[in-house]
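A single chain, nothing else alongside it, follows as structure tokens in the form predicted on its own.
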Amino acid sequence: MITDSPRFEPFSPDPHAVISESGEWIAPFDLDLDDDTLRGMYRNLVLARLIDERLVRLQRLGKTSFVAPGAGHEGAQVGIAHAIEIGRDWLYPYYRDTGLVAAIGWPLEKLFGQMLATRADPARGRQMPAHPGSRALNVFTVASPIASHVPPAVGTALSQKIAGKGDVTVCTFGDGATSEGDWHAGVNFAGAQGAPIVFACENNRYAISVDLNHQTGSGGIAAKAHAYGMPGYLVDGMDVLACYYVMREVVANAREGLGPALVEMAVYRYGPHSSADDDSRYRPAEEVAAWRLRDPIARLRRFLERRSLWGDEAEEGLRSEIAGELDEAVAAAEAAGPQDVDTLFEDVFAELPAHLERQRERYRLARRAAGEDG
């Protein structure tokens, strides 16, 4: 529901924050989340971090070919997850949003199945790792070409506007995506058509090795909203509650027919761009260390501790519990077994064309000749 007095003004020169670095509530409004919700948010932050660490280990063991580390992005991703109506709204994520899809409830077995390309993967091994998608949760499968998911996200939002049921689309991306033509075309069309969509930029200041100052001449990403007739919000992305409250407000506005918004969440990726990147070549270690002091997990923990909602014993129990869940999920994903190449002939056509039928038979004959099953 839209409030008479918006809590967050667009185009603020300073990032919106509601908890301080030391964990104090600093917002000009009262906290309206119960203790269980706050602890649930914290659990999702820790879950995202531990998933990230597990994926890095799996890649180094040679079990997956690619990882896009998300450590440092957790506050933005968990804030978004808690601000949407899961299964009703549509989500168009990007490849670093592992924590986001985990927070909305994508089963961990499927998450690891997708990363390992086993039979636990709903995409049947046809996508790169870190490219989740879910029909049940209304999650559009991640697309590799940067920003290519933005125009389809706007199309979904326009269909929601026509349907008139108050559904919303949320489209996430990194700062590098805002340098692509697809991004500008999609955002412009959304603004012109009043589409019920929220564009959420997880701005970690680097598009691989290209820093933000070499990508844009504007004063940040949120400022670009001026050109497209929508409000732009700058948020401290290391403050999960600020991300949640800003997203909750703009999603509610979109749901009520007030059109799109652009939210810039100032985050930082603690790891390299991907498992194929050496970030020490383009950013100083001192910069990474300074941002680690602003860790979104530690920040919310300090907030919870001030409210006597958390402590060392709870932390130890939570991390042990999540580690067990990850062990089980990885084991289940691996036990599902590798994808059968024969499935390449399935899912595209309702009735397999004759030329593909012939190819499939030749493939099966070749496997039998090689002494393989099939």
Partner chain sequence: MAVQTFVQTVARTLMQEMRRDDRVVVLGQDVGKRGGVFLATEGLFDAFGPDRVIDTPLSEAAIIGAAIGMAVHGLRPVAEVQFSDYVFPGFDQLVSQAAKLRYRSGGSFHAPMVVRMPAGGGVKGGHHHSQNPETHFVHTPGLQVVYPSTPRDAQGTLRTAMRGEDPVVFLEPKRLYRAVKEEVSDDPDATLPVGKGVLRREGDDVVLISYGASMAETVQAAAALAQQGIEADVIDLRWLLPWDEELVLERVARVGRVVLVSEAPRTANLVSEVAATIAEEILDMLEAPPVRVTGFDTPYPYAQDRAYLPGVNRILYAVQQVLEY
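Each form is matched to the other, and the largest set of C-alpha atoms that superpose within 1.5 Å is called the rigid core. Keep in mind that this is a model prediction, so the values were computed, not measured. Residue numbers count along the first chain shown, from 1.
The protein also exists as the form predicted together with its partner chain; that form is not presented, and the subsequent description refers to it.
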Which residue, 271, 151, 176, 259, is the contact with its partner chain in the predicted complex, using a 4.5 Å heavy atom cutoff? 176
Please identify the residue among 225, 158, 108, 146 with any heavy atom within 4.5 Å of its partner chain in the predicted complex. 146
Please tell me whether the candidate spot formed by 192, 286 and 298 is one where all three residues come within 4.5 Å of its partner chain in the predicted complex (heavy atoms). no
Counting only non-hydrogen atoms, the one stretch of 74-82, 163-171, 196-204, 127-135 within 4.5 angstroms of its partner chain in the predicted complex is 127-135
According to a 4.5 angstroms non-hydrogen atom cut-off, is residue 29 in contact with its partner chain in the predicted complex? no
Is there a non-hydrogen atom of residue 61 within 4.5 angstroms of a non-hydrogen atom of its partner chain in the predicted complex? no
Is residue 343 part of the interface with its partner chain in the predicted complex - any heavy atom within 4.5 Å? yes
Exercise: residue 44 in contact with its partner chain in the predicted complex, heavy atom 4.5 Å: no
Pull the contact list for 191-210: residues with a heavy atom within 4.5 Å of its partner chain in the predicted complex, in sequence order. 207, 208, 209, 210
Aligning on the rigid core, do we see the C-alpha of residue 20 shift 2 angstroms or more between this form and the one not shown? no
Examine residue 328 after superposing the rigid core and state whether its CA is displaced by 2 Å or more between this form and the one not shown. no
